[in-house]
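Next comes just one chain, in structure tokens: the form predicted alone.
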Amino acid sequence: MRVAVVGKGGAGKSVIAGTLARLLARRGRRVLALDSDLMPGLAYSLGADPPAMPPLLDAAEKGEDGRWRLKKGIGPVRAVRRYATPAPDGVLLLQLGKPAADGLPPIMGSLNAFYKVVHRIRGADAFRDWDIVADLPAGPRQTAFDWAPYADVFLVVVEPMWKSALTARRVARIARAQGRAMVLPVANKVTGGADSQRVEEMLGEPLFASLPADEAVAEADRLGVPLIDRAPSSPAARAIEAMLEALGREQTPAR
């Protein structure tokens, strides 16, 4: 399963991605979580300790042409082995890195290394039987610039609000134009059937899943802990697990 979670900021992408990754790992799968969001949401949703510095800074160097490249001998397998952060249930988390007060320039090496690594993962035999769950930042930019070439599925997360729906429509259109992956819209923070129906009307297509508004999600976020640890039986956690089951059926070829 190779899933990229996308959508508008605040839609709940990191909680969904982190919970999916932990649930897959608990089923005995080897799971790589990829975080290309400049915000630290996925680390907290997984229960991992964010590294003080972007780990992939050490994997990059500038060539004679002034462009960033991976250091000799660093490919996707070695990058994950050396620079991924361990998370509960055996998940490995590879992060782009988070900017400090001085902005993006100090982490440009890590940013470029991350982009090159994710573009080589699909061709790496060592990851052939791994599940990948990725958290992309808000908006369509990374989807448009092919930051998730490994993805077989884009989960487009949308809240029952017009701004969120407009972003979701744009992201879905870009992902479908690339022609490589299924695009599945997921309503989040819904309070009932009327919310789900409204999202479908705003998107102009049926939903793959609807996840409920749940105070347990907000409580876990306030505490900076994973939903799956704080409230594993909460309505949102159960709905994400049901969505995972549906994803498995969606990706199972008919016999």
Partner chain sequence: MKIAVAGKGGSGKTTVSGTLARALARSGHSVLALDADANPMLGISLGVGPEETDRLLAVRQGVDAGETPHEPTTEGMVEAFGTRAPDGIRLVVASRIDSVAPGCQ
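Numbering follows the first chain given and starts at 1. It should be emphasised that the depicted structure is a prediction, and the values quoted were computed from it without experimental measurement.
Missing here is the form predicted in complex with its partner chain; even so, the following discussion is about that form.
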- [ ] Spell out, yes or no, whether the shortest heavy atom distance between G139 and its partner chain in the model of the complex is within 4.5 Å.
- [x] yes
Open item on the list: Would you classify Q95 as touching its partner chain in the model of the complex, given a 4.5 Å non-hydrogen atom cut-off?
Closed with: no
Open item on the list: Since only the chain is shown here, I'm wondering whether R170 would be in contact with its partner chain in the model of the complex (any heavy atom pair within 4.5 Å).
Closed with: yes
Open item on the list: Please tell me whether any heavy atom belonging to G9 falls inside 4.5 Å of a heavy atom of its partner chain, as the geometry stands in the model of the complex.
Closed with: yes
- [ ] Select from the listed residues R120, R78, K163, K71 the one whose heavy atoms reach within 4.5 Å of its partner chain in the model of the complex.
- [x] K163
Task: N112, W147 and A177 all contacting its partner chain in the model of the complex, non-hydrogen atom within 4.5 Å - done: yes
Open item on the list: At 4.5 Å between heavy atoms, only one of the stretches 80-88, 124-132, 177-185, 149-157 reaches its partner chain in the model of the complex; which one is it?
Closed with: 177-185
